[in-house]
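Take a look at this single chain in structure tokens; it is the form predicted on its own.
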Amino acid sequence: MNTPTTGADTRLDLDALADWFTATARPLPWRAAGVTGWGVLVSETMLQQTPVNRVQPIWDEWMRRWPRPSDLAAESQGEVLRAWGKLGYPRRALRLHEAAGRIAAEHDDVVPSDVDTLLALPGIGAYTARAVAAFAYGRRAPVVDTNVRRVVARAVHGAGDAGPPSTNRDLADVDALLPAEDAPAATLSAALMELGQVVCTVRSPSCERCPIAADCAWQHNGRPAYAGPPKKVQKFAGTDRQVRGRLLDVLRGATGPVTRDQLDAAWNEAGQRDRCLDSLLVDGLVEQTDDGRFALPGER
């Protein structure tokens, strides 16, 4: 693997980073030999804004129940939402269900391997398409998430953390680091992400464990604090996300449609509860029966 000189004139030992990843990468189940593109697509969808420890048991169960896209596509939307559990952002489950149907019908039940074809599937954006191409098929595709942006900001640009995202700039930064060949580029994409997740963390980076610490521009600059725009801290308690989750919990735990009174018991504040129920109906996550009860989609 070539060791490029970055835009910040810092030469990173990317061979050392790739070797570190090969030797120390966490044994996550979707990284195991034999996992298909479908398994990687499901994992990447679940992992968006959700920690690994919450995803792993649900991913295991999904792979047991629905090992192929056609298996998931044949399931009802309601059961898919029920199996999604408390991963959050449940519209991801419906988009994955829709994508499974397209993959089964248009791609012989095999997740495509090229970015452009993946992007044409419902619910698959730039990050997921590149992650599947790189991690499932070993393709050269710059994969950029929050962790990768932080590693690049520090190691390449010498900043305390990444500023506001810029798709073109962020992709160009990572693309400049990747070797030309598919396999080593895919390994490096995974290594950059792993480094940001377990070593180059936001609050307590373990620089003594970092395989590129000697070349890191942030280290050479004296580890300056982040000086960019303030970052919005997402809260959960009391938000509409929490209320929507409470309402869906009632429906997931029911064997059939539930009454309005049953949903009302899930949250005391009537105005917020009603607003959240309306949004669930609009998003297609809840359906209303002819007699005024409520159910998961397809379970009326």
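In case it trips you up, residue 1 is the first one in the sequence shown, and so on. Just so we're clear, the structure is a prediction, and the values are computed from it rather than from any experiment.
Below, we turn to the form predicted together with the DNA, even though it does not appear here.
The single option of 92, 157, 82, 139 touching the DNA in the predicted complex, heavy atom within 4.5 Å: Partner contact (heavy atom, 4.5 Å) among the options: 92.
Contact residue in the predicted complex, chosen from 206, 76, 146, 117 - any heavy atom within 4.5 Å of the DNA: Selected option: 146.
Partner-proximal stretch of 194-202, 211-219, 180-188, 108-116 relative to the DNA in the predicted complex, 4.5 angstroms, heavy atom: Of the options, only 194-202 has residues within 4.5 Å of the partner.
is_contact(residue 51, the DNA) in the predicted complex, heavy atom dist at most 4.5 Å: Output for residue 51 is yes: heavy atoms within 4.5 Å of the DNA.
4.5 Å heavy atom contact, residue 240 to the DNA in the predicted complex: Close contact exists here: in the predicted complex, residue 240 approaches the DNA to within 4.5 Å, heavy atoms only.
Residue 32 within 4.5 Å of the DNA in the predicted complex, heavy atoms: The answer is no: residue 32 has no heavy atom within 4.5 Å of the DNA.
Non-hydrogen atom contact residue 47 with the DNA in the predicted complex at 4.5 angstroms: Residue 47: contacts the DNA in the predicted complex.
Heavy atom within 4.5 Å of the DNA in the predicted complex - qualifying residues of 110-149: Heavy-atom contacts to the DNA in the predicted complex: 121, 122, 123, 124, 125, 126, 127, 128, 145, 146, 147.
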